[in-house]
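Two forms, one chain: they're shown below as structure tokens, one block per form, named structure 1 and structure 2.
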Structure 1
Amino acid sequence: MYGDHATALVHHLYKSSTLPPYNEDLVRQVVQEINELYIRLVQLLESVNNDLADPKIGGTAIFFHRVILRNKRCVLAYLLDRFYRLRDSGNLSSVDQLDEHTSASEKQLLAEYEQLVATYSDNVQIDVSSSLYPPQALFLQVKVAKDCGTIMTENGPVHLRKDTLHYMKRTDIELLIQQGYLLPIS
């Protein structure tokens, strides 16, 4: 039935709370169905010389057109939701997750997106990747998830070893939290 692949594509993403692997086969099937429907629509319109006075032909043409639009919306919703999940995960630099769950074109898109955000941040001299809300506290207790070595803070050097706890100024460690090296403890 028309639109079944597109529906399955959206359900595939909807069922998962985390980012599932990119479903290239299903995307390809939906695009193939769009192309086939477009060819049938063009053939129908050419066979009647674009005269849609007959309600049966007009209804069929509208049906094909609506299914094409629906399939396009489903594919775009799938791709946009995947982009938002990847962008909002904060782990864009985590190569392991990107290799496991994304396609080559998604990796390229994320790299270009990171470059655009960095360029914009440099131009306006504001870190747009940071939170839009003011911090609740100036200091945070964090647990080190990955060895970071020694970092320099306003109060001097701090050695961050895995599984150690630290009480540090938020501005000193915000970037490390975003990169996944530190985990805030509530």
Structure 2
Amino acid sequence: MYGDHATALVHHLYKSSTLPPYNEDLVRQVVQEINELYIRLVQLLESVNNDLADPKIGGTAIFFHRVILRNKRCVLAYLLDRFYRLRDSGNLSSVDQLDEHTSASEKQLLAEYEQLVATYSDNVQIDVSSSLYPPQALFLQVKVAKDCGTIMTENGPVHLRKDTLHYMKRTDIELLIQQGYLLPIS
């Protein structure tokens, strides 16, 4: 039935709380269905010289048009919701981790979006991508999950080797925590 592919596309995303892989096949099927319906609609209108006085012709034309609009709305909602989920998934700079689940266009969009947020932060001179949670204390105890090398702090260089514990200023290590290199303990 017309509209089934679009419904399946939306349902596929709705069922999943995380981000499922980009369903290129279903999107292609919806595009194909829209194109077929559009050709049939144009042929119908040409056959009656755009005269929709006959209710059967007018009803059929409206039906085709409404299915086309519904299919289009479903796919646009699918794309937009995927963008919101990718935006909220946390660290966007490690796009490689999302390789299997995103389309090439989504990867490009995410990279451009990151750049847009960075430009906005430069304009207002406030980094909106940091301090995502209210600060509880100045200092945090963290465990190093992956080797981070050496970072400079106001107390001198700190070597962040895997499985070591450190008591450091939150502002110095916030980015590393967001990226998953450090795990807060307290």
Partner chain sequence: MEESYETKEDINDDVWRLRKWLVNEKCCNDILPYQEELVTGLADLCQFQQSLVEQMTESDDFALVLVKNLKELELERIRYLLKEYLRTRLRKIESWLFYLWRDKEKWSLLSSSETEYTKQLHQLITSHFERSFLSGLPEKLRTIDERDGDNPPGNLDDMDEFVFLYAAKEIGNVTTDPSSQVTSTIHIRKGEVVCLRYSVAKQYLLDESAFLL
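Sequence positions of structure 1, starting at 1, serve as the residue numbers. Keep in mind that this is a model prediction, so the values were computed, not measured. Each form is matched to the other, and the largest set of C-alpha atoms that superpose within 1.5 Å is called the rigid core.
- As summarised for this chain, the first structure is the form predicted on its own, and the second is not.
- Hinge assignment between the two structures, options Asn49, Ala53, Gln125, Gly156: the residue at the boundary between rigid parts is Gln125.
- Two rigid parts account for the change between the two structures, and C-alpha superpositions put the rotation of the smaller relative to the larger at 12 degrees.
- A C-alpha shift of 3.7 Å is found for Ile151 between the two structures, based on superposition of the rigid core.
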